[in-house]
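In the form predicted alone, a lone chain appears below as structure tokens.
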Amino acid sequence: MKLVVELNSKNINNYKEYIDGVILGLHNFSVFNNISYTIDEIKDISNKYKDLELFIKIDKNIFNNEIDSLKEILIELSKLDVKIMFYDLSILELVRKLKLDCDLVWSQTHMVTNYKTCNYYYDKGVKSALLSKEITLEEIKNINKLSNINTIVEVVSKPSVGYSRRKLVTNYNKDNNSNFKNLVVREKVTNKDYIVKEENSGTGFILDEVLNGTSVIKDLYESNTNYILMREIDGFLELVKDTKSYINNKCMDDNYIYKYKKLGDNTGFFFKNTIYRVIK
């Protein structure tokens, strides 16, 4: 099992000896970024860090006026040893039409939930999938068992929960004569706070609480999960060092689990089934 990270700065050098891969958001073509990278920067990183797997995040809705630019980008990326994380299905279609040799990762947030659909995309040439954060540990194990696709599971982050094309913070400021860059709102049912972050492509909602999946890493390791993903939080370098050591020692160090209870008790949906009910 490999460790992949997404950082809040461009200082990859501090982490390179403790990680197997890093996610780079493509400038103007990715969302939920603290930082993003141009094609030229990605080329430089690819040349500099040849031992790292680079995951290029292209996870926004693609519009007709962006297709030509996207074609050029995909052609350039196909020349590099990188993986392309895609949301919009136009990317899969363009790779097919242009006959590009691209290593694709299906990354459609809440839709990557079952082994049958994973196998469908695998048959279309997609090698990996970032699994939804809304499925349980047992469902992840089932995908690992029954799917041919390489699985990536997000285990530590402040998780994204939704995205809108609308400029919601801008609209709020207009209505309230305010000047917020980001907002924090409280959801009434769960009584949890969410960060509302506006970008050029729209507005994202991020849970203002750490998803702590450190306790399930051993189960993921034993069920042959291919990658675990951590997005940068406070104290991240120490966490990454400890996690890499934990994986290398076959997840046998119980002290690791005890130590990272300090990240909190939010295990997301790993142990929580989603139940749909019809409201009469």
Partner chain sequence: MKRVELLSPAGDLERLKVTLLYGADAVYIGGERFGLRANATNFTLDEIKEGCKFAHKLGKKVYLTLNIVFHNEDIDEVESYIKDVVDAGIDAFIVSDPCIISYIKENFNVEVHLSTQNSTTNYEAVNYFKEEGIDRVVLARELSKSEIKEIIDKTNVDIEVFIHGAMCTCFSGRCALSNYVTNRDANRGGCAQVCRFSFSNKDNKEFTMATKDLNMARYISDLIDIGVVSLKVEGRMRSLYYLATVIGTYRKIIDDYYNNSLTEEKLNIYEERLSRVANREVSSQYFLKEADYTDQYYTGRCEVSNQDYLGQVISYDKKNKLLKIYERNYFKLEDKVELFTPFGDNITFNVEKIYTEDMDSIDVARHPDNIYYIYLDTDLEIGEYSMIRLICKSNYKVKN
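These figures come from a predicted structure and were not determined experimentally. Residue numbers count along the first chain shown, from 1.
There is also a form predicted together with its partner chain; it is not shown, and the following applies to it.
Engineer: Identify which of I45, V31, M230, L239 has a heavy atom within 4.5 Å of its partner chain in the predicted complex; exactly one of them does.
Structural biologist: Comparing distances to its partner chain in the predicted complex, the residue within 4.5 Å is V31.
Engineer: With its partner chain left out of view, choose which of I247, L26, V216, I62 has a non-hydrogen atom within 4.5 angstroms of it in the predicted complex.
Structural biologist: The residue in contact is I62.
Engineer: Is D103 one of the residues lying within 4.5 Å of its partner chain in the predicted complex, judged by heavy atom distances?
Structural biologist: Close contact is absent here: in the predicted complex, D103 is far from its partner chain, nothing within 4.5 Å, heavy atoms only.
Engineer: Please tell me whether any heavy atom belonging to V153 falls inside 4.5 Å of a heavy atom of its partner chain, as the geometry stands in the predicted complex.
Structural biologist: No, V153 is distant from the partner.
Engineer: Find out whether any non-hydrogen atom of T117 is located within 4.5 angstroms of its partner chain in the predicted complex, and reply yes or no.
Structural biologist: Yes.
Engineer: Is the gap between E72 and its partner chain in the predicted complex 4.5 Å or less for some heavy atom pair?
Structural biologist: Outside the cut-off, so no.
Engineer: Which residues within 121-143 place at least one heavy atom within 4.5 Å of its partner chain in the predicted complex?
Structural biologist: Heavy-atom contacts to its partner chain in the predicted complex: Y121, K124, K133, E134, I135, E139, N142, I143.
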